[in-house]
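Single chain ahead, written as C-alpha cells, the form predicted on its own.
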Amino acid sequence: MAPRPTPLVNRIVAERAGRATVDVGELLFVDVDRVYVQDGNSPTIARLYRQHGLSTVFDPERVAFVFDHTVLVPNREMADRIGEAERFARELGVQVFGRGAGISHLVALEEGWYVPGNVVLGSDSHTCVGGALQSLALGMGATDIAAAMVTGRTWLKVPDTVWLHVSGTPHASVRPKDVLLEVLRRFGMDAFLYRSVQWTGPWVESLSEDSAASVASMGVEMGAKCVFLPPRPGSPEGLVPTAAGPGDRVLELDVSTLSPMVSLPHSPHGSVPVDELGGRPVDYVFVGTCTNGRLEDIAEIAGLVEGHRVAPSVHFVVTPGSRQTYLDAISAGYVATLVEAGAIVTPPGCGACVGTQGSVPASGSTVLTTMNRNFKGRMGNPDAGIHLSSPLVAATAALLGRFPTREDLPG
C-alpha cells in the first residue's frame, strides 16, 4: 500500500521542529521566521515585557510593529495608548510601520514576510492571510506573541487536515467573497475547527494573488488553525501541493450555480443569496479591510461607479488596505473616480472595521461592508445591522441606495 501523502502543515511543522515527521495532536516547539504586532494589543505586550523584566527580541530585523487599527486617533485615551506602543517599539529597535502604512497582513504580503514553508506569527487573528503564499501564518494572543518575540520559538499542537475542493465555473457576478460566505453557510465552523485547510481544485488554482489573499484571510472565520492555497501560476518556489489520501477528509463545493451572497446580522455564517434582500434600503457602505481592501477590489468598484453618483441616502466609505495600494489607486485614477462619484476615501488601514475610529454607523442603520466579520457592535455600534458582501455587491448597493438583485449586477 502506498504511503498516505503528508499534509502541508505536517511538513512545515516537522521542518521547523527539527523532526523527520510529526503526528496530528503532538505538542511541539517550532522555530518562527517572523513576528509582527499590531497597535491594538501592543500595550498589553509592553506590560508583559515590564512584568517579566524583558527588554530584547530574538532578531530586531524579524520583528515588526504595524500601526493599523487606529490610524486617525479619535480621543485622548487612544492617543495615549498609541503613544505608549510607539515608544515601546522604538525601545526594542524593531521595524516600525507607522499609521498610514496599511494593515499588517497586507504590509506582510508587500514586504515579502510570507514565504512558502515558513512560520509567521501575528498578534491579529487574520494573520492567516499568509496561507495564500503557503506560509504557516498563525494569529496568536499577546502572551504567546511576547514569548515568540523573545525566544524566536512558539508551541503548537499539530492540527488535523481537511481538504476543501472547489469545482465548477461560477457566474460572472460571483466573487471569492461569495464562495467564502457559501463555505461558512454550508459547512459552519465544526468542519474546520482547529484544522489545517488545504484548498484545492481548478477554481482556487485560477485565482489572482489579491483574490487568493482574500480567501486566505477568512480562515479564522472558518474556525481553522491555518489555511493553504496552491501556488499561483508562474510561482515555481511554491510548495508542491499534497492531495488527500484514502481516509482523509475531503469536502466538496460546486460553485457553478452559486449566487452572489450577503450575510445577515450578526454572523458571517448566516448568508443568503442577494435576491432575498434585493430592494431593501442600505444606509452605509464600507469597502476595505484585509479581506477586500486590495487594488483589485478598488479597481472593480471604481469601474462600476465611473460616470455615476452614489445614492444621496448612502454614506459610502472606501479604505485602501495599504499605502502602496492607495498610491497605485491614485496613479490609476481610481481614487479620483470614487471621489467624483461621492465616495469618501480614507487613509490606509483597518478603517471602520473594528469601531475604534470612524466612520461609526448610526443606531438602526443598515450597513453593507466587505469586512470579514459582522458581529454585533463590530463597527462601534451594537444597534447597527451589519451585512457582509463582495465589493461588487457593496458598490452596486451604494449606487442604488438598496440591496441589489442579481439582475442589477454586471455579468
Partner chain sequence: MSIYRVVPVSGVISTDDIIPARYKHMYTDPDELAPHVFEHRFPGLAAQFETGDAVVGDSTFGIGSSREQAVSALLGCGVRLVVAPSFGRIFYRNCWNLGLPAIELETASLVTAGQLDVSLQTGTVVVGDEVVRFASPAPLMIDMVGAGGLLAMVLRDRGAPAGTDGRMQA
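Numbering follows the first chain given and starts at 1. These numbers come from a predicted model, not from an experiment.
There is another form of this protein, the form predicted in complex with its partner chain, and it is not shown here; the text below is about that form.
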Contact residue in the predicted bound form, chosen from 251, 336, 189, 332 - any heavy atom within 4.5 Å of its partner chain: 189
Of 295, 115, 239, 150, the one that lies within 4.5 Å of its partner chain in the predicted bound form (heavy atoms): 150
is_contact(residue 123, its partner chain) in the predicted bound form, heavy atom dist at most 4.5 Å: yes
Interface membership of residue 176, its partner chain in the predicted bound form, 4.5 Å heavy atom rule: no
Residue 40: touches its partner chain in the predicted bound form, heavy atom cutoff 4.5 angstroms: yes
Residue 144: touches its partner chain in the predicted bound form, heavy atom cutoff 4.5 angstroms: yes
Among 287-295, 223-231, 323-331, 208-216, the region lying within 4.5 Å of its partner chain in the predicted bound form by heavy atom distance: 223-231
21, 158 and 198 all contacting its partner chain in the predicted bound form, non-hydrogen atom within 4.5 Å: no
Any residue of 347-383 that, in the predicted bound form, places a heavy atom within 4.5 Å of its partner chain: 354, 355, 356, 373, 375, 376, 377, 378, 380, 382
